[in-house]
Each structure stands twice: as C-alpha cells, then as structure tokens.
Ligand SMILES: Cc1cc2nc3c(=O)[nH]c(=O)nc-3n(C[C@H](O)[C@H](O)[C@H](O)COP(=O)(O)OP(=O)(O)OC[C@H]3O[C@@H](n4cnc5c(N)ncnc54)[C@H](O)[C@@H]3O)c2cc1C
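As structure tokens, one chain now follows by itself in the form predicted on its own.
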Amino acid sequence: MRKNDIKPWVLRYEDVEEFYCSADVVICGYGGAGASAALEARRAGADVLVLERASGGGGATAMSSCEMYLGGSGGTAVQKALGLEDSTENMIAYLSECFGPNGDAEKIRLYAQGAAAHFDWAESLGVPYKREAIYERAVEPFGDESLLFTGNERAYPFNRVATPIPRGHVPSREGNQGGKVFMQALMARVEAEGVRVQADARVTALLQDDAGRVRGAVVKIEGRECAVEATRGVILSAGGFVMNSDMVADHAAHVLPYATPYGSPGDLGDGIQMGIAAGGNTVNMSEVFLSLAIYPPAKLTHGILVNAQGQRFINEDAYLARLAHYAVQQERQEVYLLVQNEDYEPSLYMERLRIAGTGDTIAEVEAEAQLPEGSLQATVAYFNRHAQQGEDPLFHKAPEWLKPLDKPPFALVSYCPREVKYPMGNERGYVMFTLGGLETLPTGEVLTAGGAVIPGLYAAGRTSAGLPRTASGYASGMSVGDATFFGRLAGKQAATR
C-alpha cells in the first residue's frame, strides 16, 4: 500500500493490493452512535464490521449517566404512565428555541417525531426504565427514578414558547452508572445479532476511489496497517475532538483559559479529520458544552449571580450549561453567587469555592469583595423590591425561586472558572466537550461545502454536527439521544444504499 503524503487521512482505493477483510458496512467507533448504527445496519440485512481503537466498546456514552432527551408524539411510555402529555409540536418549539440559528430544522423535526419510538427501541434492548419521576431541580436522579427535567424547560425564555415537560430518560439504577447499563445491553444485542467487532483496531485513513466514493478504511491492528473494504458504506462514529488540544486551539481557543476537556480518551477528532480529507464540510466547530453547576443543592437557586460590576446577567433557574454560556461572557469571566445564610450549602458538583465577601449588610459584602461602590447594593435593592411581589422584570426567574435577600449574614461565592474545579480530576474551570463536526443529512450522509453527498461516507454522534448546537440551549440527554437516534438512521441508510 502506498503512503499518501498529501492527504494522510485518505488513501486511494485503487492502490490497495490486498484486503484484510470486507464488509457491507464498516463502522469506525463503538460508542453509542457506532453501536446503534451497527445494530440497525445488521437488522437491515447488511454484513457489518465495527472497528474500535480501545480494547472494548462504550465510548463517551458509557462514561455518562445515559440520560436521553426524549418526548413528542403524545409522550414516551414513561411520560404517559405518569400522566404527562408531550406533543411533537411542543417538543419542536422547545428545541428550536434551544438552538436558534445554529439549529438544524430538519434534524429537530425528525428527532421530535421519532423520539418517543426511540425510547421504545432503547427499552426493547433490555435497558430498565422505572415509571417514576423526580420534579426537583437536579442534574441527575437522586435514586432510581427514570424521568426528570434536564434542561431549561421551566426557565425563561423557553417556558414562554413551550409547555414545560420533563424529557430526561435515565436507566433505572441508583448511582451514576446509566451509561454502563445502556451500553452493556446495546453491545450484547449488537454482537448477538451477528455484527463483527474488532477491538484494539485504530482506523488511520479512509479509502476513496478516483470517482470520489469512499470504499473502505485503513486500520492498524497489532502494529500492522491493513485495508478493509466496505461495499456499501463507512460510518464515522469516532467521537468529538475535545481531547485533541491542537484542534481545540484551532476551532475553540476561546475556551482554553477556563475549561477542562471532558470525554473519552478517543475523542481526538480522527473521524472528523478523515471526513474533511474525503471532502466533507464541518459546521459549528467553535461551539462547546460548558457547565456551571451552582446546583444542587437546589436552594442555591434563590441566590443571584452577579459579575465583577455587581450586576446580574442571567436568570439563575436556568440549566447549568446556559449559566456557563453566559458566565464566560462576563469580563474576565468573574462570576459570583450572592446567597443568604438560610440558603447556603456547598455546591455538590464544584469544589474549591472561594468566599469573596461576607457581611451582615450588602454594603459590607460589596466592600470586602472590592466590587464598585454601590453596585451590588443597587442590584440587590432592585431585586428585593420586585421579588417581594413575586416578579423579576429583568431576567424573569420563576416565582418559586424568588425571595428577597434580606436575612443576614450574606456571602458572595466566587464561581470564576480560574478558581473552581469539578470533582472529576480536572485542575481548573468548567468541564467542556465539543459540539461541532461533519455536516450531514439527518440520515448520516456526509456533505461537501457545496451540499453534495460524498458517496459511501456517513457520520453520527459527536463526529457529526448533530442535534445539540450550543451550550445556551443544551439539556442533559441531548448528546446520547442524538448519537443513538441518528446513529440508527445512519446505519439503516448505509445498509440500504
């Protein structure tokens, strides 16, 4: 096999002298997207080979709690069992508000139309879902409940355009192990139905013929590069690029001072780079998920977030990704939570929090924190005056979280990303992962910059630019829901084209 020094991520199919093996559909990556694609491609009658660089499957999906953001069509089986109704139109309205001009309207429509059936598919794998919900403000269930609010559904402006419905569906298991439960069930079904899986096999290049069709891949197995032929298509499901510092610096350098990568070790962007080399277009590459977890405990939401000028900038009942999206836009990313004593407890998901100021009066807190004189006092006076009436005319925080800050002592807690860390082993800042990737049709075909389909090439999961497009509208479950839903569509399409 000849090396191609100009396009190292793509080699000529015509130059291959011998193939290690052949399959109808070759899938690069065995996380949630790849496994879902493999199962559907196999069920559509294709001979399927999955290539995974690690020693076993799972990817970032297995690392997660495996919340899936699902609803529409009147509601999922869990929602209906709990007396909750969620129309497709309601879900489309919410998702459209979430991603605004960044959103892909066709992907949003198809996802909302098919999300309830997608839950049935997940449950059919043997994944347990309990017909029980929690309605408290939380990030994940406290026990073995399977339904909760995981985004901005109850917060402004989303509650003005869509009826709030909990859509976070979680495998029923105490502890943050949902991803392992889901992936074990999915991979067991994949392999039971006859999909071939080759672990410890890193895909290093695509094989593309002179007509532009992707016809296979080059894979390194036991130190040897081998050619694998794909007679129908190659699906790239190798994760995002959050662990590739050079790619992050190229596309999302703005997050480097205040965010720590979070993802699978294999999220190196290989699939994206192969897709680009084959002629694919990328979109949304500068957008990332960020997390400012001031809650739980939920009662911290009664406080107010202010910047270095002592001014509020967001309704504090928003989801943690939306809080972070606006927090990092403040000058020097200086963000503080002002809370009164009766509402204060340490944040569950953030450590090493600095108390910037305390006092029995807001003036004392302001002076100790060295905020501009009178700034915090004016902010609190305005907030208190309206909170007494159950109103928040500036940011529209929901009435249940509104109460005057008038019971000393007070504390101003710093959430500046340079001063905090998550209990995940990172040394600084907010956790982040990427939301950009290859541009695709909803059925997975990779597109060129001109909108043409690259024959034989598909992508799903974080290798593609899928459903979630911004932190400002992100909800937990959107990535796993997107990866598995559109992974399934890509698998079906590759098998039948």
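The numbering used is simple: start at 1 and walk along the sequence shown. It should be emphasised that the depicted structure is a prediction, and the values quoted were computed from it without experimental measurement.
Not on display, but discussed next: the form predicted in complex with the named molecule.
From the list 370-378, 328-336, 387-395, 197-205, the contact stretch for the named molecule in the predicted complex under a 4.5 Å heavy atom rule is 197-205. Residue contact with the named molecule in the predicted complex: Met274 places a heavy atom within 4.5 Å of it.
The named molecule is not drawn, but in the predicted complex it has a heavy atom within 4.5 Å of Tyr474. Interface membership of Ala238, defined by any non-hydrogen atom within 4.5 Å of the named molecule in the predicted complex, is confirmed. Contact between Tyr262 and the named molecule in the predicted complex is found at the 4.5 Å heavy atom cutoff. In terms of contact with the named molecule in the predicted complex, the residue from Gly266, Gly357, Gly303, Pro166 that brings a heavy atom within 4.5 Å is Gly266. With the partner omitted from this view, the residue of Pro442, Gly436, Gly58, Gly429 that lies near the named molecule in the predicted complex is Gly58 [heavy atom within 4.5 Å].
Contacts with the named molecule in the predicted complex, taken as any heavy atom within 4.5 Å, map within 53-70 to Arg53, Ala54, Gly58, Gly59, Ala60, Thr61, Met63, Ser64, Ser65, Cys66, Glu67.
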